[in-house]
Ligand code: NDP
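In structure tokens, one chain follows: the form predicted alone.
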Amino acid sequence: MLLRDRVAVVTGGGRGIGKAIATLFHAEGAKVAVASRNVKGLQTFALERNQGGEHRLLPLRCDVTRADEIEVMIGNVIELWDRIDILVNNAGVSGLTPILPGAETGPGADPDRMWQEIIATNLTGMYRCTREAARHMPGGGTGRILNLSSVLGKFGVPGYAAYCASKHGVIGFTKALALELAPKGVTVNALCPGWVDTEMAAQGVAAGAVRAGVSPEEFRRRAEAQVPLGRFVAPEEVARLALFLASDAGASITGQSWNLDGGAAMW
């Protein structure tokens, strides 16, 4: 029970990496507020985790592109549990945002709207959630902020300028915030997954397959071939690193960006 009685907030926690982190934190004794736009999925998740014991998993609707919803979400957590020990900024979106007109976006696509949505979710939403949560983090060395970046926060992919820019921004934000919050004893780190077996990855594989003119199965095979370990990462593997950094074992680690990509980016 590495997180017994600590209060954690996980954004984008209704599926994929966020759900895996929320599940593991809950299993390790934390009180977990899980925020997502998918309220129905959250309620089902909460019922599953809260059966037969303490009700330590709280489902909360929150669209991180809405400042008012962030304030209400954090306020609900404080009203119930009085503090926040751990914030996991996991909410994120991806999509094509090519710069050149007519490039591979398909009929009716709006790269400008997509750019705004990606930056608003991945970067501005993270900033606003952190600003609201950090003021409720106690001193004493238990405060943790974990920001989900990506290996695309360390290199570029053509056509994904907005996503790469946002994830590079997450790493820069992490480094600056680690220095700002160090006097308070709060650590701030970024997790940089590569391909992870999630719904978002499946959408990325499908889009990549269309662009490459191959089947999704062939595109995934090619993607795995570029990973030294030869496979996608499981969401639970990302959750285990998040647990380490959120626990007492990670108390001296701050301002770092951790790759979980099977060796695809070794820096």
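The first residue of the shown sequence is 1; numbering continues from there. Values in this document were obtained by computation on a predicted structure and should not be read as measured data.
Omitted here: the form predicted in complex with this ligand. The next part is about that form.
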Requested in this report: Verify the contact flag for Arg144: yes if a non-hydrogen atom of it lies within 4.5 Å of a non-hydrogen atom of this ligand in the predicted complex, no if not.
Outcome: no
Query raised in the report: Is Val32 close to this ligand in the predicted complex, meaning a heavy atom pair under 4.5 Å apart or at it?
Result: no
Requested in this report: With heavy atoms only and a cut-off of 4.5 Å, decide whether Gly250 touches this ligand in the predicted complex.
Outcome: no
Query raised in the report: Does this ligand come within 4.5 Å of any heavy atom of Glu199 in the predicted complex?
Result: yes
Requested in this report: State the residue from Ile74, Leu123, Ala190, Ala91 whose non-hydrogen atoms include one within 4.5 Å of this ligand in the predicted complex.
Outcome: Ala91
Report summary line: Note: exactly one of Ser215, Gln226, Asn38, Asn50 sits with a heavy atom within 4.5 Å of this ligand in the predicted complex, namely Asn38
Requested in this report: From the candidate stretches 154-162, 135-143, 176-184, 83-91, select the single one in contact with this ligand in the predicted complex, where contact means a heavy atom within 4.5 Å.
Outcome: 83-91
Query raised in the report: Out of 60-78, which residues reach within 4.5 Å of this ligand in the predicted complex, heavy atoms considered?
Result: Cys62, Asp63, Val64, Thr65
